[in-house]
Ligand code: HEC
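Below sits a lone chain in structure tokens, taken as the form predicted alone.
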């Protein structure tokens, strides 16, 4: 599928409105940087590799030419308004009288105007703005040239389209890029010196959230992380960051996460066209041949590596009509969870208030902690020191029959993650009781820390665990073994 047909089909399925036509060209202060590609993209065969890169570039752009894809649940910024009068002025220009959208403030200046409806909505580029005279209810916008076709009263537009995303990029490059990398891949220039490593945003997974299991991080979660930092790591607090700047950088981090997740979903759909998959096909074909030739010396020889690669390229070329569905499915599956992230019913809210922090409650939490129902002790240890027996095992790599080369638990990014030493009273996701409740309810996403909420434990039981865990730094080690009787293990 070529670029032209891809663009046409996307318009047909209403995936692009701002989309490919809107390049948010930034100021000259940004470095000449590039977004990195994942190892899965680099593992694809040449044609599949080129298609994935083209799809990502057309919808997200480069660090210095960002693309606003309207399909994404991103608040790109800008000042919305509606035309109330149109006038052609001397010299051939066009003057618009406009009413700003509800909840927006008329800008003192603007460089671009993007049409959202009317005769000019399909123009390839935003229109240039010469000047603005702002009023209390209506403003006058003098365009840089005469508009043809002429907009009509009631047409909707956005001034300064994408300004929030651009502001977020500037803040990110100044404050975040040196650790998290230009693409949010956690591979910034200082990352190699940090332990734990900075977060790789590209899977769309953040560890510490207030959202339900399997759901994306909310804007409030990101704000809390930026504002408070992450204790026990090199993620600092940006408490003094201006609210407008924090709002912008949050939106940019979400956008980077969506870019990486979109690339990943395309790779998942095209994994049969990876060099790894082709090598596995060759291995299986050779094994089948070796088994067959024992009974039939004339058995057909397996295809060579070059033959398999050529076949894969031919198969990819033959699925041109299906690639648009791959694109649409990846976009829809990626955008949906991000649209839900801030929904009120997606935020973990206990059904009951915190149980009183009494010795009785802590004892119930201790019994649960040591029970077979939760098995907290297997990772965190019977005394909460983070030295449970699970840290001595060789665990299987997710999606593979192989195990990690070192003992201990690993996260979704393949990094070793020692269980938290609960006796230190340091909680990376926040030390408020509600923060600990949410860690127990939803787990820590992208890690082996499981979710107990909804089915595993009642909210009351989770509160008992919260009370016990938060008391650990102030109490001596438990003398109870990690093998309570079945009766005790199931008590509430």
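Please read these numbers as outputs of a predicted model, since none were measured by experiment. Numbering follows the first chain given and starts at 1.
Only in words, not in the display: the form predicted together with the named molecule, which the text now covers.
J.: Check residue 44 for me: does it contact the named molecule in the model of the complex (non-hydrogen atoms, 4.5 angstroms)?
T.: No - in the model of the complex, heavy atoms of residue 44 and the named molecule never come within 4.5 Å of each other.
J.: Any chance residue 183 has a heavy atom within 4.5 Å of the named molecule in the model of the complex?
T.: The answer is no: residue 183 has no heavy atom within 4.5 Å of the named molecule.
J.: State yes or no: in the model of the complex, is some non-hydrogen atom of residue 453 no more than 4.5 angstroms from a non-hydrogen atom of the named molecule?
T.: Answer no; every heavy atom of residue 453 is more than 4.5 Å from the named molecule in the model of the complex.
J.: Could you confirm whether residue 426 comes within 4.5 Å of the named molecule in the model of the complex, counting heavy atoms only?
T.: Result yes; residue 426 sits at the interface with the named molecule in the model of the complex.
J.: Is it the case in the model of the complex that 115, 265 and 270 each bring at least one heavy atom within 4.5 Å of the named molecule?
T.: No, none of 115, 265 and 270 comes within 4.5 Å of the named molecule in the model of the complex.
J.: Please determine, with the chain shown alone, which of 310 to 318, 87 to 95, 417 to 425, 276 to 284 has non-hydrogen atoms within 4.5 Å of the named molecule in the model of the complex.
T.: One stretch meets the cut-off, namely 417 to 425.
J.: Among 139, 225, 211, 160, which has at least one heavy atom within 4.5 Å of the named molecule in the model of the complex?
T.: Only one listed residue qualifies here, and that residue is 225.
J.: To verify the annotation, which of these, 100, 385, 203, 375, has a non-hydrogen atom within 4.5 Å of the named molecule in the model of the complex?
T.: Contact with the named molecule in the model of the complex is made by 375 alone.
J.: If you look in the model of the complex, which residues in 207 to 241 sit within 4.5 Å of the named molecule (heavy atoms)?
T.: Sequence-ordered list: 207, 208, 222, 225, 226, 230, 233, 234, 235, 236, 238, 241.
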